[in-house]
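For reference, the chain that follows is the form predicted alone, supplied as structure tokens.
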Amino acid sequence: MDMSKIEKPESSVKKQYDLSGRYIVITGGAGFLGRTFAEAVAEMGGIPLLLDINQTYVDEAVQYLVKKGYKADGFEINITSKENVRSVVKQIAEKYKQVHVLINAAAFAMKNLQEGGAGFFAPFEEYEQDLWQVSIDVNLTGTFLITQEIGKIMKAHKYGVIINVASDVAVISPDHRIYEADARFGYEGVPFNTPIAYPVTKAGILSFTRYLATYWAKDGIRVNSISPAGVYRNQDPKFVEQLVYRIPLGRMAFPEELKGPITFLASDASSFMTGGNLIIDGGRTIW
């Protein structure tokens, strides 16, 4: 290969991080992390297009960004429905012509349940197949369907960036001890855990990332993932104490600390990176 014929990246790192005029689709865009990612790319000039299952929440998230002075748009979607995904992506393609970045942040959580919530944190031996299946449907099948359709747009333009949101527990096992009572620390335990379906599906996301990184490399599409550890949201102080004891930096992440990594992967600053998994865990996975 003649390297002299390849276009060199911007020498200015400030320009490398610039996302001006780029359309960035974010699944789960009305959620806690989705909003954080949307704000991050908007701050760098990008235009977030938020996708989520509830139109009311989508509208609220879009208005939050607009009030801050950013451009944004939103669409209600059920990413587990192939027909609905195709319909929504068609709307996006007709309105914006191109999608530069896709951030797959949608994930199944207890709040998504209409009923059956009591079984969400059941021990493995009693874990319900329906909950296992819906986790696969959202976390894996949903990611597959939206990436498939957005990928077609990116391939046609010979450019695209895909960021899949995995987890630190896609790399290591959840530490079950942080949920259990421990009299030594006056810790009564918490009535939840990391359900088996979550780390299993997030581990699948890592394989999905590597597969597409090699498959689409020739088409100008880069595919990476991030694996964040627990993000602080006013959790029970005793639970936080148990968790951070196992993190070298001695604390949980703040949502703002995911802005830099997501912007890096979305921008040309990471132009020679594909198939990678950026671990943002305060060092948890190295112990």
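Residue numbers run from 1 along the displayed sequence. As the structure is a computational prediction, the values presented were derived from the model and not from experiment.
FYI, the form predicted in complex with a small molecule isn't displayed, but the following is about it.
*State the residue from L249, V66, V231, M44 whose non-hydrogen atoms include one within 4.5 Å of the small molecule in the predicted bound form.*
Only one listed residue qualifies here, and that residue is V231.
_If the cut-off is 4.5 angstroms on heavy atoms, which of these, I53, V244, I221, V62, is the one near the small molecule in the predicted bound form?_
By the 4.5 Å criterion, the partner-contacting residue is I53.
*the small molecule in the predicted bound form: contacting segment from 90-98, 75-83, 213-221, 183-191, heavy atom within 4.5 Å*: After filtering at 4.5 Å, what remains is 75-83.
_P261: touches the small molecule in the predicted bound form, heavy atom cutoff 4.5 angstroms_ = No - in the predicted bound form, heavy atoms of P261 and the small molecule never come within 4.5 Å of each other.
*Please run the contact check for Y198 against the small molecule in the predicted bound form: heavy atoms, 4.5 angstroms, yes or no?*
Contact check for Y198: yes, within 4.5 Å of the small molecule in the predicted bound form.
*Does the small molecule get within 4.5 angstroms of any non-hydrogen atom of S167 in the predicted bound form?*
Output for S167 is yes: heavy atoms within 4.5 Å of the small molecule.
*Report yes if any heavy atom of A105 sits within 4.5 Å of a heavy atom of the small molecule in the predicted bound form; otherwise report no.*
Contact with the small molecule, yes.
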